[in-house]
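One chain is shown next in structure tokens, namely the form predicted alone.
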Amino acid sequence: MTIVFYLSAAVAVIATVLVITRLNAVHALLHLIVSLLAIAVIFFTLGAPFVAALEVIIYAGAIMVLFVFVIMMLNLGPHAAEAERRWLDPAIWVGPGILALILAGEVGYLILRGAAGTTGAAIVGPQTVGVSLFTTYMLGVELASLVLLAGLVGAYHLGRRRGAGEDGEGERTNG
């Protein structure tokens, strides 16, 4: 179990470094997904399978879809179309593919072994997490949703194309 933890931690660190160093946003997103999946495996090995499932569903699923929508909204024209053609090159998928295969092997090992972790911590169920999120931490959850909404609106505003009758500030000019 310890080897799975350290291997997942190494995959998470490598994938996160690759997120930071990639110039292409889609490549960075691929590495970010691998990093989030590695963090989910770490949670699972520490005895928190519910948190691991939330990590996959919320972060690797929903937040990544939001990021992809923002990238699609920021359509950069012909240059972006050429970049999309280059994404089909198999060499680009080697790094995220190898890291994802390592994680898949770890998850298979954990499933076959049949143990989630033995840290001695108390098991926290979904109901307890839900009650905490909507009572004690409700302000934090709402603030996080507002920050995500502000980021989405800001990305739209920065990436939208200006019409012929609009000046640099986005207002219509007379004439």
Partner chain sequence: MYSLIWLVPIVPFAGFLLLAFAGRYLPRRAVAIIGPGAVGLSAAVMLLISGQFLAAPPAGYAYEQTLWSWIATGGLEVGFTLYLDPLSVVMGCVITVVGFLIHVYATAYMAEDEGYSKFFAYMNLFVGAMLLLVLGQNLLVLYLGWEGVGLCSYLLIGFWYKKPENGAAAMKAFIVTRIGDVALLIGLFLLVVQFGTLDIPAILAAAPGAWAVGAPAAVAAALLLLGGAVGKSAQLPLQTWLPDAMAGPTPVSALIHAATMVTAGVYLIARLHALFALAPGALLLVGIIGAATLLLAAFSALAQHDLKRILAYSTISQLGYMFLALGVGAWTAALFHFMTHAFFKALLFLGAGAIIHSLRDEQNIFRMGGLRRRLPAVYWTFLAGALALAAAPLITAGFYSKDLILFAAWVSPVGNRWLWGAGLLGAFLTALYTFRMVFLVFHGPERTAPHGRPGPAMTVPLMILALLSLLGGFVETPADLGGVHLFSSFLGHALPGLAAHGSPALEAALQLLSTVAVLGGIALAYQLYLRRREATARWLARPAPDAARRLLLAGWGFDWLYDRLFVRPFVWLATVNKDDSVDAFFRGLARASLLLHGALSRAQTGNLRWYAVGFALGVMALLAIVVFR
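These numbers come from a predicted model, not from an experiment. Take the two forms, find the largest set of C-alpha atoms that superpose within 1.5 Å, and that set is the rigid core. Positions refer to the first chain, counted from 1.
Beyond what is shown, the protein has a form predicted together with the partner chain; the following relates to that form.
Novice: Quick one: name the residues from 95 to 112 with any non-hydrogen atom within 4.5 angstroms of the partner chain in the predicted complex.
Specialist: Sequence-ordered list: Leu99, Ile102, Leu103, Glu106, Val107, Tyr109, Leu110.
Novice: Would the C-alpha of Gly61 be classed as shifted by 2 Å or more between this form and the one not shown after rigid-core alignment?
Specialist: Shift at Gly61: below 2 Å after core fit.
Novice: With both forms fit on the core, has Val107 moved 2 Å or more by CA between this form and the one not shown?
Specialist: Superposed on the core, Val107 moves its C-alpha 2 Å or more between this form and the one not shown.
Novice: What direction does the Ile20-Gly97 Cα distance move in the predicted complex compared with the shown chain, closer or farther, given a change of 3 Å or more?
Specialist: Closer, not farther.
Novice: Gly97 to Val17, Cα distance in the predicted complex relative to here: closer or farther, by 3 Å or more?
Specialist: So the answer is closer.
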